[in-house]
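The chain below stands alone, shown as structure tokens; this is the form predicted on its own.
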Amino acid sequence: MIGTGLMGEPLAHRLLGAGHRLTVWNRSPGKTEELTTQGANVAATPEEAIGECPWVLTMVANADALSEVLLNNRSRATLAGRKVVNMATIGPHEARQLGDQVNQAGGELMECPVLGSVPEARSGELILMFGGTPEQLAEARPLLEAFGETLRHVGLLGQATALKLTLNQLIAGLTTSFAVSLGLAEREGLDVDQFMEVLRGSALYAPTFDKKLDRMRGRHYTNPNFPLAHLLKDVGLLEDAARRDGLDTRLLTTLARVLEEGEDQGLGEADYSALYDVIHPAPS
């Protein structure tokens, strides 16, 4: 497992709990200490981790980080015969480009982005979206089933990543729209409980609204499962993919501006519901 951060660590614990032998590497070594107490081996470098293991799972920040750990000169030399499953969110074109490079080095790249966050990762209830061939899925299934029972074969490499981005667009769009509605309700002095009662009884309701309601009303954004900076990164990926596919990206550009302003205000590591502070600034 390369990358044992917010999501990588609970995934690593799931693998250990399922009885798999596990070697881990993380750029910040301190994030691997607890895993060693559970029986994981810690590699000093990514190429050491790759060289020790026939299967490599990656959960790193972005495509540049993925390329850096997999395709630097030392790591590239260890990829022959290795099966790599990327679980981080990157762009579809990035996945396909990386796949070609890993294949040229003698390895195989497949993908399995997930829907869900840290609680679902800990409990093994993630929704898993696999991109690769049916044969690759059959081989990867015994590993991936440690993370969730819902494992879907979406299509070839890049297509599961595209599906993940379509869903993350809804995270950004729905949360921002709800923040505008909630902010207007509060500014106009409406009874927020009544606003929510009407909303819940309509076809407009989405459960994520209730999940973020208390955070927004109380402006409590600490202990995030999905930080605002991560959503900003994903919206950038969405915008790039949509532009490449000929879609109108003006809405995504606006969403990115809201999130960028939140990051400029020092909210990058806060829960992404902190975008409410941008849309509805707290009274001074």
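Predicted, not measured: the structure shown is a model, and the values here were computed from it. Residues carry their position along the shown sequence, with the first being 1.
Unshown form predicted in complex with a small molecule; subsequent notes refer to it.
Under a 4.5 angstroms non-hydrogen atom cutoff, the small molecule in the predicted bound form lacks M1 among its neighbouring residues. A residue is said to contact a partner when one of its heavy atoms sits within 4.5 Å of a partner heavy atom; R27 meets this definition for the small molecule in the predicted bound form. Heavy atoms of M59 reach within 4.5 Å of the small molecule in the predicted bound form, making it an interface residue. Taking non-hydrogen atoms only, V69 approaches the small molecule to within 4.5 angstroms in the predicted bound form. By the 4.5 Å heavy atom rule, the three marked residues G5, A65 and D234 all count as contacting the small molecule in the predicted bound form. Residues of just one listed stretch (221-229, 240-248, 37-45, 255-263) have heavy atoms within 4.5 Å of the small molecule in the predicted bound form: 221-229. Residue in contact with the small molecule in the predicted bound form (any heavy atom within 4.5 Å), chosen from L79, L128, A88, L157: A88. In summary, among the residues Q104, T133, S117, Q97, the only one with a non-hydrogen atom within 4.5 Å of the small molecule in the predicted bound form is S117.
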